[in-house]
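For this one, two forms of the same chain are given in structure tokens, first as structure 1 and then as structure 2.
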Structure 1
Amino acid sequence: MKRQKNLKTLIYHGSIWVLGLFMIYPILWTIASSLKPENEIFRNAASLIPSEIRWGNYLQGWEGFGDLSFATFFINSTFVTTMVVIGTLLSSTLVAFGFARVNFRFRMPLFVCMIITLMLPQQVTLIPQYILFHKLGWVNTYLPLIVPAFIGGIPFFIFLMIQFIRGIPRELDEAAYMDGCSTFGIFWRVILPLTTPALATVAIFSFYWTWDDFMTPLVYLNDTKLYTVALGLQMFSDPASLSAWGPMFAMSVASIIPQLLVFLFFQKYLVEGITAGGVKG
């Protein structure tokens, strides 16, 4: 009986490891390729072990090409991402509190509108938004990337925050109200401190989506000096200008390092956030 149980455990862990290797292989392969000498990347393609480790790929890649180093792209991406995260946190908490706790008129129809926009394909608003930003003279600036975040650009985050705030007992609001707290005071002093886990989730996801985002910068940024990491990497990997595979893979790895670090440090919030948002939804 015990032996049979052991065998079962062995099969369980064994199959998960085998499947897990397939899952993680492309990422390991990228890291391995970024350290391989040029001629080895496609000769021993499946192998994950470089014959010698070439850190030089990273230096060469970081230099970029022409007068553009990857440092520029990283600074640009960091700026855009930071602004978007701040904007998202500000707007989604304010709006969520309004929907979850204030009984104003037209609350329900407006809430329904918000839920509908949750399912609106991005492409539908892309063209008129482009025309609008073009008319405002915002094309080739960071404004089209940043401003939408400050005005509740991604309804999913508002929705997530609403779900979370609904879970906080209303008695807390009432007690604060009795003590003479204003509505904003309730938001600022009672609700906001209690929503920290949800705020962390929103911050992490908005970091990911902005860092990853390719389409929006592609549409709005023409000047290569303004390029984000995503665009820089795409330019770098362009077959027409590509001369060096090793440095290209090195920069691919560099571009995902911030994401991996965030994942390592905050995975608890990431996993909790996605399950909370999904199940209650």
Structure 2
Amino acid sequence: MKRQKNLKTLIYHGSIWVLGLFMIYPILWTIASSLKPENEIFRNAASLIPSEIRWGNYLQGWEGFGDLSFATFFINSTFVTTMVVIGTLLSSTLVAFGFARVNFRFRMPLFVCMIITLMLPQQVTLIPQYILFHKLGWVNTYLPLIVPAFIGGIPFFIFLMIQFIRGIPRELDEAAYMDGCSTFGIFWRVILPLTTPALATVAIFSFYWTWDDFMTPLVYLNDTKLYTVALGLQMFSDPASLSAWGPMFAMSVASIIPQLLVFLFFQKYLVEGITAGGVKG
């Protein structure tokens, strides 16, 4: 019996290790490729051990293009991502509180509309949004990337916050009303402090999605000085000439570091927020 139990444990842990290595292999491959000589990256692609370590790929990648250092792309991405995270937290929390706690006319039809937009692929709304932002004169600025976050442009986060707020007992609202609290006071003093795990989850996902986003900056930004990290990486690839694969992989590794740090520092809140939202919803 004990032998059978040990065999099951061995199979279980072995499967986890194999699956973990399978999932982490692309990251390890990127790190190894960022340290390989240019002619070895694809010639010896299966190997994770470079014949010669080239730290120069990182220096060459950071120098960027002409007078444009790769630090510029990091600063641009940091600005856009920070603004999007702030806007997403403000808008999704306020809208979710309205749907979850406030009775108003057309609440259900509006909620259904919000759920429908949740199912729409981004590509469906891309052209109408571009026409709108073009008429407003916002193309080649950061406004098309930032403003939608401040007006509830990501329904998934609103839905997540609604589910979390619905799990908070209404008796807390009634007690606050009895103490003379207004509706906004209930939101600010009662609901908002209790939604910290969900807010952390929204902030982390918003950070990941914005930092990695390639399509939206590609559509709206034309000036290379405004490019984000994702567009900066694309500049290393030149179909008409030689691509700088080593520096590109080096900067790809550098672009992962902020995401890795966010995950390491906030993974506790990420798991807690998703679990609480799922159970209480």
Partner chain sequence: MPEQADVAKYNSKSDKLHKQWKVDLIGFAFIAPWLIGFLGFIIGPMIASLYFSFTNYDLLSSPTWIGLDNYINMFTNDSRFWQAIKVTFIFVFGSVPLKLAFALFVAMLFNTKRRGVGLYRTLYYVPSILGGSVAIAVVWKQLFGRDGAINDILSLFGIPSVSWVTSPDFALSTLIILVVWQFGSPMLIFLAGLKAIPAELYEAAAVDGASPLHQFIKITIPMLSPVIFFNLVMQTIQGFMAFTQSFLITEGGPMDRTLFYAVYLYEKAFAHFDMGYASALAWILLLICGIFTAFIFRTAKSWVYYESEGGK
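In this text, all values refer to a predicted model and were calculated from it rather than measured experimentally. Heads up, when I say rigid core I mean the largest set of C-alphas that superpose within 1.5 Å between the two forms. Start at 1 and count along the sequence of structure 1; that gives the residue numbers used here.
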Of the two forms I pasted, which one is the form predicted alone: 1 or 2? 2
Once you line up the core, how about S51: does its CA shift reach 2 Å between structures 1 and 2? yes
